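This document opens with one chain alone, in structure tokens, the form predicted alone.
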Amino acid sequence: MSDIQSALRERARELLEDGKVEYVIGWESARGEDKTRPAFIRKAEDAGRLVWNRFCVNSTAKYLLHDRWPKGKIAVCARGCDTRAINRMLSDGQIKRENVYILGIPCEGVENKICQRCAHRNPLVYDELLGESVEEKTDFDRFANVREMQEMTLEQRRKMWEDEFTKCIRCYACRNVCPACSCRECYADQYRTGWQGKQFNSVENRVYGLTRAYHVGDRCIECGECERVCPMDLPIMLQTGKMLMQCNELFGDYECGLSADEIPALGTYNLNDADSFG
């Protein structure tokens, strides 16, 4: 990782010195060696702040949505999960490829449990790759936790999710960090009668959780950021994973964000699609 970190700092410095990018999005140390935070480097002399280690857990792609019309190119450090997020945003028309300079980083996994189920450890798209590609991991059941949940009875599942939604404090951290949540104004922030209520109870929490799950269901790039940032440790990816598994059952092998040219499974129409309600 030190070689990648050295290359990252050097390339960031060169890109900023040459004026090829306006700023670089990466990671920097915070409160000790085992903590990092997102970094936004605008000066070449600050490139030495950039780090790359197993504690670089934050997704970098989401921040591209905060600057949709930059004055110059934005350089972003991107692993496999980050590039899937970038592809998702490109496909949604949220950002333009010519505004982004992707510094691809091969990743063998960081301090995030979702990395155990990551099948794309190398960047899927990049302008330059920092370091050698790593071996991809495919010997795992992508939906093992969902299958385990499905072995529960209907009453057990109902009780489990009732308990989980009761814990939700509606901080919206899951929404704020998700690269598939790109609405300028979220329905949960609106005050229209009959939309999302503002009461703090399990019913309103369930409405928010389920609505958000359906909103991003087939557009989820499985980065697990929603679950990582949840202060109440809700199993958010278990809920979304159920929808992704059903997409696979209905439409065949499906993973979102593998290409910027793809259209989400639920956004396409095919006469051969499954029609179990016919």
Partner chain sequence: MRLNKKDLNKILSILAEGRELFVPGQVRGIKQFKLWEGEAPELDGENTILPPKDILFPKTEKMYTYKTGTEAEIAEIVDMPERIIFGLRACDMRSIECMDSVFIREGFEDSFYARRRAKSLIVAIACSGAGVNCFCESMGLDPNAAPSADIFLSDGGDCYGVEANTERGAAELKKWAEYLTEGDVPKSETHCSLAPAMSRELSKKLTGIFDDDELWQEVTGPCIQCGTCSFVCPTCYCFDINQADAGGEGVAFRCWDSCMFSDYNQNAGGHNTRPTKKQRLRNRYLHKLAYFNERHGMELCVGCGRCISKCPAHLDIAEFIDKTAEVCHD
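What you are looking at is a predicted structure, and each value in this text was computed from that prediction instead of being measured. Positions refer to the first chain, counted from 1.
Only in words, not in the display: the form predicted in complex with its partner chain, which the text now covers.
Only one listed stretch (73-81, 130-138, 176-184, 115-123) carries heavy atoms within 4.5 Å of its partner chain in the predicted complex, and that stretch is 176-184. Taken together, Q5, K20 and G109 are entirely out of contact with its partner chain in the predicted complex: none brings a heavy atom within 4.5 Å.
Put simply, A30 is close to its partner chain in the predicted complex: some heavy atom of it is within 4.5 Å. Residue contact with its partner chain in the predicted complex: D253 places no heavy atom within 4.5 Å of it.
The closest non-hydrogen atom of D189 lies within 4.5 Å of its partner chain in the predicted complex.
In the predicted complex, its partner chain lies farther than 4.5 Å from every heavy atom of E98.
Counting a residue when any of its non-hydrogen atoms is within 4.5 Å of its partner chain in the predicted complex, the hits in 38-74 run P38, F40, R42, K43, R49, V57, N58, Y63, H66.
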